[in-house]
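Okay, so we've got the same protein chain twice, two forms, each given alone as structure tokens, structure 1 and structure 2.
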Structure 1
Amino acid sequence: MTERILEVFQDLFSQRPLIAFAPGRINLIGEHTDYQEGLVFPAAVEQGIFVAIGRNQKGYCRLYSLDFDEEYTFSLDSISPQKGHWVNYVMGMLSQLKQAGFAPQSFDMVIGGTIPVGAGLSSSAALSIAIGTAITSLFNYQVSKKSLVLYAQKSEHLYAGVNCGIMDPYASAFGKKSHALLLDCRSNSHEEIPINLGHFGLVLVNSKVKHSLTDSAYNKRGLACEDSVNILKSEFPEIKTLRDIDISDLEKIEKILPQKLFPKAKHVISENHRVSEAAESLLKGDLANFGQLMNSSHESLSTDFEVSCAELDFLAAKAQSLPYILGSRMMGGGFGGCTLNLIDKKFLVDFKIQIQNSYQKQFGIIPDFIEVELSDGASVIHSDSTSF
């Protein structure tokens, strides 16, 4: 991809660019907890987004997206959200940088990627982090990784309309090879946990469905959590988010919360607990327990938090029934995308056959299988810019 993007950039803009790469992410466990200041356990993967950039003296920016085979030109004075367009990710990051006091000059950019879009590997966060890394490196801005992460999150809120948490851009920026990040979304700090799975491996099954209303349903879940916190404040005045409720208080809060809110709060509270236990299990090499926690996470996301769908439930149940799968769960925001599976790698071929046959029979869709390796976070991978 680096060669390809270099070639396209040189053809279009007749100069050698700087190229930044930012990876997509998986999440081992800890779903829909980040926006309640909870715990998550993501890792960067090898697939990601490449952004080539070079200065121009045109007074306007020229962009080209390889995936969409589409050009876009805009002036730096006219940055505003463009409904549903990929340029939002460039404009969103630019507007954050401007707000922070930077004044980027006009540039040319080519964007390309190796992340399957819509699979739930967070191509959008990778895109924002790659764009941020490319722009700040080109103009030599001193911006910390953490600031880039916060800009990416804000950009997603303001330019894509999704009130996401910090997990995805954080994993893309801070990922570490062969490690997952035990990330505390209250302090926005993490611990690198080495992941040694022996002859087991992580495989994603892409359901290839993405049900509509995903974004609005996502935002609604955030609001439901906030409603619970407001109600619970009568009994627990010191709480700020559901992060502050301990699992031992579940029985107590069931009596306080309305029936429709309790299961959602229960998911967040129990999922935080599962994340801590999962990190301990992995540190001890107890893969079986980690797998059990993955299964419980799926159950909780599906039944209590209601962010799964028939396809994901089917894929998780089928995988969980196979003797060489230690755990399987939906991953990411939900309503489609992938399941994450912890598999004894010797049985990968059988797994693919079993899942493909049954899923195709049930839904008429051939799923994709993506083997993942845990990788490093964003960086500049080519800095030979001959720009002026």
Structure 2
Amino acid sequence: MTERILEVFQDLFSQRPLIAFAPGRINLIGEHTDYQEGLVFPAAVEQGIFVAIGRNQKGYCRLYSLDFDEEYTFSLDSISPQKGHWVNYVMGMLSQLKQAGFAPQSFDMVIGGTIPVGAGLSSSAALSIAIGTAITSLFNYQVSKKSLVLYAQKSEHLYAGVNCGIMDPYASAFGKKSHALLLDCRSNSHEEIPINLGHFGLVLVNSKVKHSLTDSAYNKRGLACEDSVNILKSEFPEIKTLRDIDISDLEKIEKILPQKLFPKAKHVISENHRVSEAAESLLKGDLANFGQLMNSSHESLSTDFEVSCAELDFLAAKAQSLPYILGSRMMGGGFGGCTLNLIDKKFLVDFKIQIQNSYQKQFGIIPDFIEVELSDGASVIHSDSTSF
């Protein structure tokens, strides 16, 4: 991709660009805990977004997307959201940089990626971080990684209309090869946890479905968590979010919360605990226990938080029934997307055959398989930005 994007940029704009790369991410465990200021456990992966950039003297920005095969031109004086358009990610980051006191000049840009569409690897966050890394590096702005992460998050909120959390851009910016990030969504700080899987590996299975009730369901889950906190404050006056409830208090809160709210609160509280335990297990090299925590996470997401679906439940259950799989769970927001599987790599071919045959027979869909390796976060990978 580096060679291709370099060649396209030179053909379009007759100069050699600076090229930045930002990775996508997986989340090892910790779903729907972030908006309760909880713990998550993401890692950057090798697939990601490439952004080539160079200055121009045109007074306006010229963009080209490899994935959409589309050009776009705009003036720095007329930045505003364009409904549903990929250019929002460029404009959004520019808007945040301007608001922070920087004054970018006009530039040329080519964007391309290696993240499979719909794989749940957070291509939008990688795109924002890659754009931010490219622009700040080209103009030599001194912007911290954490500031870039916050710009990316706010850019998605204001320009893409996506009310995302901090995890995705954070993992893309701060990722470290062969490590995952134990990320505290209250303090926005992390601990690097080394990940040594030996002869095991991580494989995503893309269900290729996305059910339409996602947005309304997310909102309902968020409200259920907030309602639970308000009720529990009568007994736990010091709490701010469900993150502040210890798993040892589950029996107590079950007696306090209405039956319709308790399972949702139970998931967030228990999932937070699972994240901490997962980090401890991986530090000890206890892959078997980590796999069991993955399985428990899926059960909780499906039964208690109710954000799974028939396809994800089928894929997780089938994988968990195979002797060479240590753990399998849905990854991401839910109602479709991928399962994450911890597999003995010697059996990868058999795994693909077993899953594809059974899933296709059950749902008439051929799933995609994506092998992932944990990688470093965003960086400049080519810096010779010179005009011919």
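Quantities reported herein were computed from a predicted structural model and do not represent experimental measurements. Here, residue number means position along structure 1's sequence, counting from 1. The term rigid core refers to the most C-alpha atoms you can superpose between the two forms while keeping them within 1.5 Å.
Each structure shows the same chain on its own, and structure 2 is the form predicted alone. The rigid-core alignment places the CA of residue 237 2 Å or more apart between structure 1 and structure 2. Comparing the forms between structure 1 and structure 2, the C-alpha position of residue 248 differs by 2 angstroms or more, with the core used for superposition.
If you fit the rigid core between structure 1 and structure 2, you'll see the Cα of residue 265 move by 2 angstroms or more.
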